[in-house]
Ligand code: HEM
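Here you get one chain, nothing else, as structure tokens; it is the form predicted alone.
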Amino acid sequence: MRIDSTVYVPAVSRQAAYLDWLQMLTGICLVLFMYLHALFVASIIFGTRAFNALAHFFEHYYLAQVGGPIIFLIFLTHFILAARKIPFSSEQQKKLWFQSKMLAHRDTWLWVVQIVSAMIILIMGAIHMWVVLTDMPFSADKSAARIQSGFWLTFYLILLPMVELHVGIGWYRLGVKWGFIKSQARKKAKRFEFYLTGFFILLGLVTLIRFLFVKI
């Protein structure tokens, strides 16, 4: 009896490739935005005048009024595109957990962290953007009042590491997937990602602490 050992692999459609490219582009936009956003908010470290001056600049040239909704749209588009590969069902999640433990591969665990952080960011990030964009113009006093309320401090202490982990892992995995980070460069890239993520988490914590001492 002859056994046909031919393996049929489903063809990858052009549409899937285009969607992957769009996911990459939206991801890059969000990475750049989040790093710039962190630096902008950190201007409070130099005082309320520095923060308010930057806020006035963004609003005067309509960068906040136009850019905010655009970033929100990119945010939603990126999630919808990424959701194609996120295991939502309990069965898929069990398989992912089992395979991650079996492989014991760091890059696989990074993907798991990215999935978990993405679900948290989807909810908390949307809340943050809605609150900020519906309470314009920006000002140091408004931000300080929100953070000093107590609830929002806890909120941002959760959101901050989730965002920085997701962003850091995101650009690293994009570089590996699309060949920008070669096999021999992965170790250095991981180390750079670790230090960069740590820097922005620390910067975010210092920023939050500084807002606590702003007199309202």
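One rule holds for the numbers: they count along the sequence shown, beginning at 1. Source: prediction; values computed, not measured.
The discussion below concerns the form predicted in complex with this ligand, not included here.
When this ligand is considered in the predicted complex, only one residue from L159, L165, V176, A189 comes within 4.5 Å through any heavy atom, namely L159.
Residue contact with this ligand in the predicted complex: H128 places a heavy atom within 4.5 Å of it.
This ligand in the predicted complex is not approached by F79, whose heavy atoms all lie more than 4.5 angstroms from it. Interface residue remark: A83 is not counted as part of the site for this ligand in the predicted complex, having no heavy atom within 4.5 Å. Taking non-hydrogen atoms only, L110 never approaches this ligand to within 4.5 angstroms in the predicted complex. Annotation for 118-139: interface residues with this ligand in the predicted complex are I121, G125, H128, M129, V132, L133, F138 [heavy atom within 4.5 Å].
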